[in-house]
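Only one chain comes next, encoded as structure tokens, the form predicted alone.
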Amino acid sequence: MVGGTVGTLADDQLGLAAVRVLGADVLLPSVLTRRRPLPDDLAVFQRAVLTFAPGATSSETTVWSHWGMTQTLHRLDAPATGPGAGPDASWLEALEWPKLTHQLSILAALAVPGADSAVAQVAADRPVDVARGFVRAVRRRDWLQAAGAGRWLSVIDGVPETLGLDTGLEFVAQMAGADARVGLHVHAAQHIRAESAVNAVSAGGRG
């Protein structure tokens, strides 16, 4: 559920703008639990996608954030055009690891199980760099960036075991206090990691 005032958001431009700012994470509970959202929630989300489509001068992160929302609609089988392969992400590939981590943290809403995008592929190709970025963000007390990087680390392989990601996520959540955006990314990462562990155990038992 998006919130307690879902029924009023469809005609509320400020409310729609808030949905657009949060992006695909508005429907994150449905994505993680694989449950279809309430019709009103889905309608508001779709309205925000249509109302705030990126323009010709929009930044790469804005374009990708909008694509992520379209991808979410596609995942949930809502009436929407399929997202296709996604926008160009070559601008990420050449970034040094601090800037890469910064950009990935802005696009942390794209870090979901089974993520299939060029951004997710860049992250998957550079797990050590993202891990370095996570540590750097923690040391700089940039909790939002650390949480976003930690979320990406929860969905990619090759993360160094020495990183201690679970402990790191707990530390970030504790230090960030009541910051809702940090809490969202941390809880998403923890949920994804817990589900991955359960699936791994189940797969081992079947083997």
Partner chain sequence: MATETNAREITRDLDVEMDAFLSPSEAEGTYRDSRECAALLLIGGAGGLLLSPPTPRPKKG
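Numbering follows the first chain given and starts at 1. This structure is a prediction, so every number in the text was calculated from the model and none was measured.
Beyond what is shown, the protein has a form predicted together with its partner chain; the following relates to that form.
Checking Ala118, Leu73, Ala115, Ile106 for any heavy atom within 4.5 Å of its partner chain in the predicted bound form turns up a single hit: Ile106. Although the partner is absent here, Asn199 lies well away from its partner chain in the predicted bound form, with no heavy atom inside 4.5 Å.
In the predicted bound form, its partner chain lies farther than 4.5 Å from every heavy atom of Arg34. Remark: Val21 counts among the residues lining its partner chain in the predicted bound form, judged by a heavy atom distance of 4.5 Å or less.
In the predicted bound form, Ser154 stays away from its partner chain, with no heavy atom inside 4.5 Å. For a residue to qualify, one of its non-hydrogen atoms must sit within 4.5 Å of its partner chain in the predicted bound form; all three of Leu14, Ala17 and Ser58 qualify.
Taking its partner chain as positioned in the predicted bound form, the residues of 137-164 that bring a heavy atom within 4.5 Å of it are, in sequence order, Arg139, Arg140, Arg141, Asp142, Gln145.
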